[in-house]
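Single chain ahead, written as structure tokens, the form predicted on its own.
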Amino acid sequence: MIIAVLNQKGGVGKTTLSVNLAAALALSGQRSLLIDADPQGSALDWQASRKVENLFPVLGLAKPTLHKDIPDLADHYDYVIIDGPPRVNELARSALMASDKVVIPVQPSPYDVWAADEIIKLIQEVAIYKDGLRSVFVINRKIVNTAIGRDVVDALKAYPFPVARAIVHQRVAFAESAAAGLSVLEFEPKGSAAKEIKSLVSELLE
């Protein structure tokens, strides 16, 4: 399965989700590959900062021929996670064309809901040519112990994609683990952040 993590709005946590999804799959015994399709190369930077053995390979492939290059690579893995580009462009279109499922991280803010229009339109365009492409919103970076988020879930219901039940909160463990070149599942295996990632992975694979 090929899963793209896409949203043109900056700061929604695409790389954090991508890295931790790939890690959760690898730690569960799946062969996973992370493709860094973001020209900024944040996932590659994360891997370069690791001081322990890699859980999975990270490959930089920020080019609009992604959908042509991935099939040969995917043959060797159970799951391929694509950390998408920060803009809606030909690179994002190519990532969608390569994917089976799209994860759209959205922060619990009306600005994020408004900004989702562009990526949703692009997904709908690609879906015309790619039958079976599935998409899901994921509430990401929600502030712990706050009610904010309910209105965003209601607002997202206006769009044709479901909202994941699993919510990923803003937790220090995500930043601290990234700084060490680790996933939260390695950094704090029994912590809340790790549990949230595991819940999200389980839901995505249903």
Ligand SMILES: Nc1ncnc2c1ncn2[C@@H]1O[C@H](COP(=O)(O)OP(=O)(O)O)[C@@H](O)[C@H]1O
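Predicted model, so just to flag it, every value in this text is computed and none were measured. Residue positions are given as counts along the sequence shown, with the first one as 1.
Form predicted together with this ligand: not shown, discussed below.
Of the heavy atoms in V12, some are within 4.5 Å of this ligand in the predicted bound form. The closest non-hydrogen atom of Q170 lies within 4.5 Å of this ligand in the predicted bound form. S183 falls outside the set of residues with a heavy atom inside 4.5 Å of this ligand in the predicted bound form. Contact check for A158: no non-hydrogen atom falls within 4.5 Å of this ligand in the predicted bound form. Interface residue among A48, V52, V144, A175, judged by heavy atoms within 4.5 Å of this ligand in the predicted bound form: A175. Stretch-level contact analysis of 55-63, 136-144, 22-30, 158-166 against this ligand in the predicted bound form, using heavy atoms and a 4.5 Å limit, identifies 136-144.
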